[in-house]
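As a starting point, one isolated chain is supplied in structure tokens, in the form predicted on its own.
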Amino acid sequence: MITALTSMGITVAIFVGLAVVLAVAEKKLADYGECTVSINDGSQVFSRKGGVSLLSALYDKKIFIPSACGGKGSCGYCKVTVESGGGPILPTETPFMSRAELRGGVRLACQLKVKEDLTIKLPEDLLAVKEYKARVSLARELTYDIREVSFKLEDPAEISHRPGQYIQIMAPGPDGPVFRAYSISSPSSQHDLVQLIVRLVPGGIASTYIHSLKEGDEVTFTGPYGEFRLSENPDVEIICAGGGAGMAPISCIIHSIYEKWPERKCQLYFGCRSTRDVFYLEQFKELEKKHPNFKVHYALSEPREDDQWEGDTGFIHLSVDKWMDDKAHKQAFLCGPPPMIEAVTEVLKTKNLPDESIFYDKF
């Protein structure tokens, strides 16, 4: 018995000793010391204790880059170009990269650990992104599952954004705050307020949070983000196509256009399942009366028997094909489910729109 107890004690001592050695080794190996991050040829330089993700290091310095999944490596938004440092790309990053990006040193900031000095490049637009504090000034239901919410800015008190850009709102999650991307629906001329159009996703952390907000509630978001660039040439005709909550950037673009260019040509194509999914139609019909060069086309893909509908039926790309000509120089802005984006894009190409004239957000 004594021998067995002694043997057991020796075994336990060995395991404890190994655990201590491994803990010390891990601490030593993970101690990368102070690492320097240099951005855009040294325009910004900061030091950070190594071991954290580059995304976290940037956020700590109030440098906000897109990260719709909150740094979990599932959205592929947080791309940066690494010029030196960083080590080899990880298997968790490659699914989000094109061949050109792989050759060009593009990495996901949420997956890249700061273990050595890094030299990176970021788009200049991202260096202008800020964190905002605001309060809900209006919240109303547009349909049974889509809500319009307006945020009055407090700190900073104003925002400057291009038509079609988006923000990332911070929502409380089970494992801490998460950020989710939502397009701005208010016109770009409105600097003291940000309006969103949000569909309630069952089980969605951020959409559930936004649908629960009441007037006076405080919110935090970062922005603006996005690559939409509306042509400043008023002779360029604008095509907008979307569905559901994809109305947000489209509404922003259309109202921004007619505040600045009252005579500009623009066509709106918007798809809904049935009349209970229709919103803003009367508003756009009024705008159509005021601006003869603005044309509105809504279509129902699954009209119900009791729907009194005289407009187009079928998927929205069919309406684009039916009503849009292939003349004049055009730009197209799309926002909606990926299948809709792909179908409309194919139609636009048959109408002679080149890839560089087609902008889209898939959600």
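Since we're looking at a predicted model, the values are computed, not measured. One-based numbering along the sequence shown.
Keep in mind that the form predicted in complex with a small molecule is not shown, yet the notes after this line are about it.
- The stretch in contact with the small molecule in the predicted bound form, judged by heavy atoms within 4.5 Å, is 205 to 213, chosen from 263 to 271, 130 to 138, 149 to 157, 205 to 213.
- Heavy atoms of F284 never reach within 4.5 Å of the small molecule in the predicted bound form, leaving it off the interface.
- At the 4.5 Å threshold, heavy atoms of V114 stay clear of the small molecule in the predicted bound form, well away from it.
- Interface residue remark: I257 is not counted as part of the site for the small molecule in the predicted bound form, having no heavy atom within 4.5 Å.
- Taking non-hydrogen atoms only, H161 never approaches the small molecule to within 4.5 angstroms in the predicted bound form.
- Proximity to the small molecule in the predicted bound form holds for all of R180, V201 and A248, with the criterion being a heavy atom within 4.5 Å.
- Checking I197, V194, I238, C252 against the small molecule in the predicted bound form, a heavy atom within 4.5 Å turns up for just one residue: I197.
- With the partner omitted here, the residue from A68, L318, I63, V37 that has a non-hydrogen atom within 4.5 angstroms of the small molecule in the predicted bound form is A68.
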